[in-house]
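Here you get one chain, nothing else, as structure tokens; it is the form predicted alone.
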């Protein structure tokens, strides 16, 4: 009893605070909220459990933080539409603006989690940690990875070490930056990786560490509101023997504003597609040259493609993330030189 009293007195004397952080969980569905007919079934319905049910399933969350929550929607992330991103961004920004919230956790399906994370990193203005988390096995599965992932995500979002580190993904003990993270395996719990950079940190049973000191973060270049409508941008996947007539059909799409080409190798595009590229640019449609490879940086002006056809170099963004940055860039400009600056920076 004397030790407890002494500790309390010392906390007042030295200004030590034992107050827990407040972490708000925003649930959107996904496998982490999925339910199967049996514990061994691989067939399940994503987005079946509510935010409250997810929180109740994880023992010890209340020891890490004061938990508040809300349900943005409850979907399979493969079903998400651009309007869902706009809705989520508005919810996240409003939550980040709350003075009593220290960090945010977003439960999310893994199919498009990397895209949502990167989108939010470009439009949410806050120094507070935002952590996306999911699972590869449904909540009813044997050895479901969801509860521990959520536990670690709350620890990350509530940690002072995470302040001003932007939007992150927390999966299977790794902390991954939203710019670099991608899903690399269809079923493995170790599916999320950053091929070009590796994890920025780790969380082990709620113990959070980072691999490098915090660097100055860029101010987010974009913002969205209820009236924001993201322009249509398509992705073309290159392969041997592409039929150019099929490509011509794409540019007949009404209101198409941009195309990301997932080129072969170093973002290469077959020479026989030259006339197609000219048609696209003559219609004012912006083209970003990315790669289907999965890692590495696309070399500027490889085979003179960028200067010959006025293309934007996608740098190290994979095609799905290049599409996101192009959509947001097109809300401000269709000048390829200015758009290239965005790709060089973000």
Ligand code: ASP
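All figures in this text were calculated on a predicted structure; none of them were measured in a lab. Numbering follows the first chain given and starts at 1.
Heads up, the form predicted in complex with the ligand isn't pictured, but that's what we're talking about next.
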Answer yes or no: in the predicted complex, does the ligand come within 4.5 Å of a heavy atom in every one of 46, 78 and 135? yes
Answer range among 85-93, 109-117, 123-131, 202-210 for contact with the ligand, defined in the predicted complex as heavy atoms within 4.5 Å: 109-117
Going by a heavy atom distance of 4.5 Å, is residue 290 a contact of the ligand in the predicted complex? no
Suppose contact means any heavy atom within 4.5 Å; which members of 24-45 contact the ligand in the predicted complex? 30, 31, 44
